[in-house]
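Listed next as structure tokens is one chain, alone, in the form predicted alone.
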Amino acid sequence: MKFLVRLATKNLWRYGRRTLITAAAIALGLATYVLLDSMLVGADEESVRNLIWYETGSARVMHPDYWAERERAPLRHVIEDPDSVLDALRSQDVAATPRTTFSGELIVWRDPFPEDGSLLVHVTAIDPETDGRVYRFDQWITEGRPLQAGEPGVVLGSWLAEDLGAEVGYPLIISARSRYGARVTIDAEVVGILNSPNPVINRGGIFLPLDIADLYLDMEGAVTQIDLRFADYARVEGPIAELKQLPALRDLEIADWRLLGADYIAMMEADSVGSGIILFLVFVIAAVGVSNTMLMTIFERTREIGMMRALGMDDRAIRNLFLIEAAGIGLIGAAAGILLGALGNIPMVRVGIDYSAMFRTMDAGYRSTGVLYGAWVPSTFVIAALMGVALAVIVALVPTRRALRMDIPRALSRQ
């Protein structure tokens, strides 16, 4: 075996130009794989963070019947005594904030808005004093100021404000049904515009103080949900199981962020399948390039194979020789591909790629407003190294077997 390894190493440099061409095809495919996987993993990680930090929290406490009708944001399934629930959560050192979400109609006029109009919306009433314990909105107020308890003010998502032509100080009306079905109108003023990293919030976010919603909607202190934040969003099952044992929460439902963001999770899984297909095609393209080069390499050396057989080298040793050469080419290509992928990944992780123009006009599903950053995924580099070597070896099997099927006289006379 040592003899075969030494001979294979000499052959690699004896056909140095062809070795480099074949290794370059492998390196290009692996570098593309590393960069694509980095971008996709980075986009998923950022989207999950933005989903939790700005949209769902780590988990949500709600009435057991609320979830089935959540799309209509009903006010009949509520948490009647949120204070007792909040006290129980505080006793467990769990950050929590009450919210009320309701559907309504947003009405604006030509003066001062560009034109008259109305829009069906979902409004989120928040407690300005406790909402920051779970969510991170205040730092993204780009115009105006955050909400204050007791004032009929609203904060709008930046894209929604841009579509409406809204500015800080503009008046608007929110028409909705109260908890008991009465039609109510809330006269409010835009006090802030929010430009968060989550496009869902920017596209349709409307926030109102909780006590104002409580007054107009006849909530009588009830809320539709209490959102929670855990230290580790990846481990929510254990904390939720413990919270369900608390007397104040036994008759309530607790849903984690995976269930609350089920639409995004389904999209992410679908994207994962699509990404797998893309990565498979990258390998197919690399395999075609490598196979062509390996075919040329082995068929041009048919006479050499015939000479080795004539000198007494058995077919197994010859096959192993070419496979070792192929593995060497794959190893060189894998090393170069990993190096290129790592160098290309540095700016992707630090600077990212700006897709803001695309994400502003279309909903790509990702919870990112534009700049997608890459991520360092050690397992990707390991897979790339293994696949680079395996790809070259597998591709070399077929032409080697075909060359060995020739009898010695034909192999020696082949030009």
Partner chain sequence: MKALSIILLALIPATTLMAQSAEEIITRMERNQVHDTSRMEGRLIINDRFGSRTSSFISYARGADDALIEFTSAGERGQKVLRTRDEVYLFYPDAAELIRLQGAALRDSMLGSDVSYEDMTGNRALLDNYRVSLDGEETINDHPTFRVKLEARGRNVAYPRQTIWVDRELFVMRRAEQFSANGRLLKEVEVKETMEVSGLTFPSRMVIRDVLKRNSSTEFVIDKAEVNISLPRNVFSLESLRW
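Note that this is a predicted model, so its numbers are computed, not measured. Numbering follows the first chain given and starts at 1.
If you look for the form predicted together with the partner chain, you will not find it shown, but the lines that follow are about it.
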For this session: Indicate whether Pro247 is a 4.5 Å heavy atom neighbour of the partner chain in the predicted bound form.
Result: no
For this session: Would you please decide whether Arg183 lies within 4.5 angstroms of the partner chain in the predicted bound form, comparing each non-hydrogen atom pair?
Result: yes
Problem set entry | 4.5 Å heavy atom contact, Arg177 and the partner chain in the predicted bound form | yes
For this session: Examine Tyr216 and determine whether its closest non-hydrogen atom to the partner chain in the predicted bound form is within 4.5 angstroms.
Result: yes
Problem set entry | Option touching the partner chain, based on a heavy atom within 4.5 Å in the predicted bound form, out of Ala95, Leu331, Leu339, Ile173 | Ile173
Seminar exercise, completed: the partner chain in the predicted bound form has a heavy atom of only one listed residue within 4.5 Å, and of Ile107, Ala88, Ala149, Leu259 that residue is Ile107
Exercise. Just one stretch in 239 to 247, 131 to 139, 183 to 191, 222 to 230 has heavy atoms within 4.5 Å of the partner chain in the predicted bound form, so which one is it?
Worked result: 183 to 191
